[in-house]
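Next up: a single chain in structure tokens, the form predicted on its own.
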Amino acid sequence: MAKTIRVEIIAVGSELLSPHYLDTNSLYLTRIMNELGLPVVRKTIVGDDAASLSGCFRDALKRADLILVSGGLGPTEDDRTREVWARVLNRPLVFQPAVYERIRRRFRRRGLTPTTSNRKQAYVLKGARILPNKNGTAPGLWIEATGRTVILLPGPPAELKPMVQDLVWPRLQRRRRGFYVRRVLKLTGLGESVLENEIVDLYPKDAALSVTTLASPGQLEIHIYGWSDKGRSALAGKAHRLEKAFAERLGDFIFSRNEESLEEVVADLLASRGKTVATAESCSGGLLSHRLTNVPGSSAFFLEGVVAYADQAKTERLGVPAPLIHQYGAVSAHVARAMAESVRRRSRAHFGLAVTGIAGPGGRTPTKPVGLVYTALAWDNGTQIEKNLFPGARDAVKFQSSQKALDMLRRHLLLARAKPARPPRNRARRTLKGHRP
């Protein structure tokens, strides 16, 4: 039986210990290790202080067989990863003219000259394998020492990921200890407890598979994980069959089986059908438009967005009749309908999407609580309005508002092309009927 390889990931950078920066490199490296069947036993974030780095690196050598370190390879005084590893491993740093020449060429292509500080990036631990950096000045290093492998990687993700994919991944293939598969289903329109009740009998009894559900405002995810030391084909088949069982049970509550966002799914539906959309927003403050236009190629389907926050703006920019607002209030089905129909008509889009509501924490009335949101979808011969009561703080209400509007459009586009569906099982009908958007 092959020896287990213990993996430790270390993220270097004092900024990662602040609330302002997120360590995303460790997540990426963990996924890469999982795909190779190599268990990550520890992740550490450490600041730039030399003493802290030294202690962290020495401890990692005692615990792990493979150590992946990101960050601290830059040209500044507080980039100390190379120097500290040199002391920990008792190896000299040796200047490499070829590395420095690559740095100079990179600067010349941009019409610049490297500074004196860039020269330190050309110093390499004796005996280390250099991992050229195609996207930056800091080369990576592959070090074999005391029966351990230490891989030093640059901190910027745009430099780290290509280096791992092109240079680290191929070399680590020889150390593969198993096969890993992962499937993700994304849903909207269901509560977490309803989802659990609906799928509890589908949880796998096969030890090779596991299932986790994750909940966030407006969205649920089902993660299917599989691991085997035998081979990928049989494992992938098991995961696919389980994914198919979930999909058959949950139907169109699932909007993605390929990890796309809801706006990406809607964008693809619009573009493939040659349809266009315009938006009219109040409480969501432009978030709906932002999500749609954040998808590359959105000019093919998105015509315009109007953020009409004040009542006067709804009247002047969208033509919502003032008496309608006065009679029913800005947060009402009547105004949502008028907003969606008006923005569709004025922009000449195939669809108009509208959101109006109370995001909080203020603005509530005895009959209209925080979280009350009306979403509306208008098309050439009809309009659909939904009354929603979203939980959570202001940001959560805004996101759920945009999520519901997008899902209304998704379902309409699917329904326009759908074939007659087989009636659901009695159990699924009973469980899900009251939760269908």
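Since this is a predicted model, take the numbers as computed values, not measurements. The term rigid core refers to the most C-alpha atoms you can superpose between the two forms while keeping them within 1.5 Å. One-based numbering along the sequence shown.
Not pictured, yet referred to below: the form predicted in complex with a further copy of the same chain.
Note that among 64 to 72, 36 to 44, 369 to 377, 403 to 411, the stretch whose heavy atoms approach a further copy of the same chain to within 4.5 Å in the predicted complex is 36 to 44. Out of the listed residues Q165, S216, T213, Q96, T213 is the one that sits within 4.5 Å of a further copy of the same chain in the predicted complex by at least one heavy atom. Residue in contact with a further copy of the same chain in the predicted complex (any heavy atom within 4.5 Å), chosen from L303, L172, V124, L195: L303. The closest non-hydrogen atom of L22 lies within 4.5 Å of a further copy of the same chain in the predicted complex. Taking the partner from elsewhere, T30 is found to have a heavy atom lying within 4.5 Å of a further copy of the same chain in the predicted complex. The closest heavy atom approach of T356 to a further copy of the same chain in the predicted complex falls outside 4.5 Å. Taking the partner from the other structure, a further copy of the same chain in the predicted complex has no heavy atom within 4.5 Å of any heavy atom of I385. The partner is not shown here, but in the predicted complex the stretch 317 to 347 reaches within 4.5 angstroms of a further copy of the same chain through a heavy atom at R317, R346, S347. With a cut-off of 2 Å and the rigid core superposed, A310 has a Cα displacement that falls short of the cut-off between the shown form and the other one. Once both forms are fitted on their rigid core, the CA atom of G47 lies 2 Å or more apart between the shown form and the other one.
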